[in-house]
Ligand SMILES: Cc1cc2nc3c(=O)[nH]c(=O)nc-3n(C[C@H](O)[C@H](O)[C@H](O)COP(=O)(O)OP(=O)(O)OC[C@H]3O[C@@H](n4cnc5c(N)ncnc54)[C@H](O)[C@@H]3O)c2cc1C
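Presented as structure tokens, the chain that follows is alone, the form predicted alone.
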Amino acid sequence: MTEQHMTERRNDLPVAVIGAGPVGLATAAHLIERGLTPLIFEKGDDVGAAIRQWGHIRLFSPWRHNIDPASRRLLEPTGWVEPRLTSLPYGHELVEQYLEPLAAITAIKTVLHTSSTVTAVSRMGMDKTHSIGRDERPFLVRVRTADGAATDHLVRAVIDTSGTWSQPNPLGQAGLPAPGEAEAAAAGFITGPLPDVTGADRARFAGRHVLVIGAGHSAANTLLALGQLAKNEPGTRVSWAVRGADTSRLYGGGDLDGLPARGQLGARLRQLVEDGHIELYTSFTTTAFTTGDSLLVTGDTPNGPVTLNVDLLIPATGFRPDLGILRELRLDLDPAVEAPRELGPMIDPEFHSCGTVPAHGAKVLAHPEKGFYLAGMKSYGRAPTFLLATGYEQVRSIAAALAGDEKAADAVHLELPETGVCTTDLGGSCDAPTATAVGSEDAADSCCAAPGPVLIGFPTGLAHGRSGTLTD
């Protein structure tokens, strides 16, 4: 086959989208608008599989930040009723009122494959070591279905929006599991992230000593729920261990936060700690787990080793990307956060919060593997502070680039609400859920009175705490 025929064949192929969460479906919507055909693979049984696992709690970003423009344009002709844009959706509402109607649109429904796990991405007939004619070869996407069968799909481009939910960070030091961590998880002492503490999982936590490890928005949400449970269920005890020593950084930007619910999250958590309802251990580095009738959690502190005897442990140490399926692709990743190299300095959590990340698109997200992109939460690698609106702008730009509209691809723009903090070690997505009490109608409407979103410019690496500069 000649190079010309190979190129023509590749351009007639669909574009693979890995993941059918909000950003994955937004990717499909933008591709459809551009006249391209998406092919969506979702390993869950339905769209929004990860969100369904924390559907019992609210986001602290209102609907207006969570609906993709191209997706809205697909939905409007169907008679879809847009939610009140100032209200804060529960996770299940995001799925039921937005993702499910979007997935039901014929243009998306016919190309959506659920219970389909992508196990590898490569180039047709080429492994990673081959270069000649590489860019003209279609991508090969290997997919395993629920019955265990494996099928290879040829596509012209691949956009991986599969997120990081399925790969939480370990609890031990140095990015490694602590000795005994696997055994503790197998014995049921370590739960999944964001359990439904006051709802479906209530009986599991009531009257128990529960330890939360992590300093993120997800930790804050879980701790607030546990605090509520402790007030209603005698014998419930709550402990919280964090690695950092600076407690002021644990509570976010407060009144300076552009998303009021996010600011309130930290303020209410601070009050629970100061009132003694939550026992806080700072400068705590987990070094060992010992299982028995209960779980012994040992950590190093400035005053020597401390061992906590707990019934359950809820991890909130963030997530990291699963890059294993991309082993045969030529990626260029930031060595610190495992995001695309150009993006890494902009999102490094040692220096940034959600509101300080500039708009970015195909050019920043590109890899040496032409036609492959990471987008959504997975594009942030190990960096935690991600907003859905950021992902929507990413995939708008990527779809434009794949359609050959470089001008539109380069014209990135985005308005993000400031966090009120210059840096943050809060783990989890910036769209992470907030406490139910914050999600009252009054709290939801208060978003209207929040400081206006700030248009963020494109900074240099120096401005973001790293040496060197970023180039276009």
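Since the structure is predicted, the reported quantities are computational estimates derived from the model, not experimental observations. Note that residue numbering follows the sequence shown and begins at 1.
Not on display, but discussed next: the form predicted in complex with the named molecule.
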Open item on the list: Only one of P340, P345, G163, G318 gets a heavy atom within 4.5 Å of the named molecule in the predicted bound form. Which one?
Closed with: G163
Task: Option touching the named molecule, based on a heavy atom within 4.5 Å in the predicted bound form, out of N169, T287, T236, S116 - done: S116
- [ ] Among 171 to 179, 383 to 391, 265 to 273, 304 to 312, mark the stretch whose residues have heavy atoms within 4.5 Å of the named molecule in the predicted bound form.
- [x] 383 to 391
TODO: Can you work out whether the named molecule is within 4.5 angstroms of a heavy atom in all three of V23, L59 and L194 in the predicted bound form?
DONE: yes
TODO: Considering only heavy atoms, tell me if A49 and the named molecule come within 4.5 Å of each other in the predicted bound form.
DONE: yes
Open item on the list: Residue-level question: is K43 within 4.5 Å of the named molecule in the predicted bound form, judged on heavy atoms?
Closed with: yes
TODO: Using the partner position in the predicted bound form, report whether A399 sits within 4.5 Å of the named molecule, counting heavy atoms only.
DONE: no
- [ ] Indicate whether the named molecule has at least one heavy atom within 4.5 Å of a heavy atom of H217 in the predicted bound form.
- [x] yes
- [ ] May I ask you to list the residues of 320 to 347 that have any heavy atom within 4.5 angstroms of the named molecule in the predicted bound form, in sequence order?
- [x] I325
